[in-house]
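Just one chain follows, in the form predicted on its own, and it is written as structure tokens.
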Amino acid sequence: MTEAEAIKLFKCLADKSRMKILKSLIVEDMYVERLAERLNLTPATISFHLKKLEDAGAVTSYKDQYYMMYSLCKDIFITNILDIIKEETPDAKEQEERENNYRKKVINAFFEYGRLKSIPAQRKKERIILEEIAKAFENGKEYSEREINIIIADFHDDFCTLRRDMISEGLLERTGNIYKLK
């Protein structure tokens, strides 16, 4: 299910009458007059809602003798909402580009000649700064506390705060006196 289809379905389901129709159709296939009688609505109202549900892919119709029968499309309701959310949107590349531009802006604002001017007060900005400092470490290599302090001191004099924040942000892990990137 695409994002556009999901939005159409969710909008369609945000109506009490349509939900009543779906609850009736889950029991058995029905025609308009029977649904109207069962739900105490006019046949025109039922037809209107069935058209919306059919456009959203929630119900299908088929001809049975003189009646147009409607049935529930159970497959569409089996779709996992997480799968819909995880689906990549067409503007994902733009979002990623905006995120990268934001990162560059934060890095340019807080770094001067490769040194950190100040530690950001906002957590999101500090996370970006810490990730930038973490690039100075080799992945998988174990460091002593002294080595960590020397590397971080190249960026800022308050290496203790930055080291602790890198651990609390999950960028570094500490086992005894040994540190390494996570």
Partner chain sequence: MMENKNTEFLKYLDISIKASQDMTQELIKDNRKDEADHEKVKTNVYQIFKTVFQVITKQKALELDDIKKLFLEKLETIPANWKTSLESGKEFQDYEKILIEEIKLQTLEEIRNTFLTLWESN
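Numbering follows the first chain given and starts at 1. These numbers were taken from a predicted model, which means no experiment stands behind them.
Just so it is clear, the following notes concern the form predicted together with the partner chain, a form of the same protein that is not shown.
- Contact with the partner chain in the predicted complex, defined as any heavy atom within 4.5 Å, is confined among 149 to 157, 136 to 144, 23 to 31, 44 to 52 to 44 to 52.
- Under a 4.5 angstroms non-hydrogen atom cutoff, the partner chain in the predicted complex has residue 113 among its neighbouring residues.
- Taking the partner from elsewhere, residue 17 is found to have a heavy atom lying within 4.5 Å of the partner chain in the predicted complex.
- Taking the partner chain as positioned in the predicted complex, none of the residues of 77 to 100 brings a heavy atom within 4.5 Å of it.
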